[in-house]
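Next up: a single chain in structure tokens, the form predicted alone.
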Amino acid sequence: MKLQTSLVHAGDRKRLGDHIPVTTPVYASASFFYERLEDLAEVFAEERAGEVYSRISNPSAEALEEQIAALEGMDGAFATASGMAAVHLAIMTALLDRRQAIVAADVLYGGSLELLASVLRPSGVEVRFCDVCDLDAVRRAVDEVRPALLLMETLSNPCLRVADLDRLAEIARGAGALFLVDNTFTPLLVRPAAHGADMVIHSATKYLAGHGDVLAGAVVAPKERHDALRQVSRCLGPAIGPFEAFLVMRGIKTLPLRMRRHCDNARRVAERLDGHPATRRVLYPGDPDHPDAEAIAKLFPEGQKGGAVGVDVRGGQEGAYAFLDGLRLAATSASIGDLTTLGLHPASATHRMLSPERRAELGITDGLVRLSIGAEHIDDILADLEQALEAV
């Protein structure tokens, strides 16, 4: 064998012995082969289990999918290359054999709003937005639109509202619609499937991975949805890479520890900033006067209300910018769920596509800052926020 041939093949195609790795390896192979073509054909035909091409399945991705399915208490998951890929996959699957219509929460992550309004609506999909915390408004929208899908977030981004999942699931079922819940902000705290969700989506970039070093997403669904999800996934090609799957899987192993710290720190931040002279209001799901306190009490565990806090800074956009620019420990970032405390101005970032009038209607004021409280020592977080507020 010539040297150049040896360099191509040496070290590859080794069979594992009878040992088992403690953690799932990174299966960095785009394709897989079998000694008999008949075996490959049977896997392609789904007559037997196996791998053929990593756009379709990969052992690293499958291990992550098993882990996320266990997290949400559902039959299976489909890991994707980003949270928006997960949103797209879930929506396209829901529309596959149903009326091309969606009822969606009017306050969603900006990327989801843009997908619905700027991509799907021009493609012929009817999209109706409504306040999902107003059940009568949801009923009217569902009765008029007869949608294939009702879409919402467990904890809305960035206003931190919480709707009654059980009641919304009943409305969706009554109309023959699928109920899709984005659970990015509240993994481990809320299991939407237990409250009637048909599919659950995550931007795994956020709390699941938890370290700010990977893009990933997931759609979690019961077994009866898997064939359709698999079909759409094969065609759209949103597959996660094996190294990214490894990183998210590693992050989820510490999720219970991290979420407790995020929640504890967020509670302390909300308590400290409430009534601060530089703030007009503080948005926090643990506030006993929260407008959705009844739904929150039903859905969330005692003492754990998530790691996000909204702060409406005095002085509007100028005040919000001064506050964010003054942060020294925390970083200004479009993400959430990292070990690092992060701050963002939604009106000029994730929700800038909305008109000022529409943002005002939804409660996304020019002074609103979304804080994702990290896992640093609470004294350091509070000191940083307070010194930054002195600039307002």
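These numbers come from a predicted model, not from an experiment. Numbers follow the displayed sequence, beginning with 1.
Missing here is the form predicted in complex with a small molecule; even so, the following discussion is about that form.
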The small molecule in the predicted complex has a heavy atom of only one listed residue within 4.5 Å, and of L150, V309, V200, A216 that residue is A216
Going by heavy atom distances of 4.5 angstroms or less, which of T279, S82, N265, Q304 would be at the interface with the small molecule in the predicted complex?
S82
Among 133-141, 309-317, 83-91, 269-277, the region lying within 4.5 Å of the small molecule in the predicted complex by heavy atom distance
83-91
Report yes if any heavy atom of E244 sits within 4.5 Å of a heavy atom of the small molecule in the predicted complex; otherwise report no.
no
Even though the small molecule is not shown here, does T184 get within 4.5 Å of it in the predicted complex, heavy atoms only?
yes
Contact label in the predicted complex: R258 to the small molecule, heavy atom within 4.5 Å:
no
Y109 near the small molecule in the predicted complex, any heavy atom under 4.5 Å?
yes
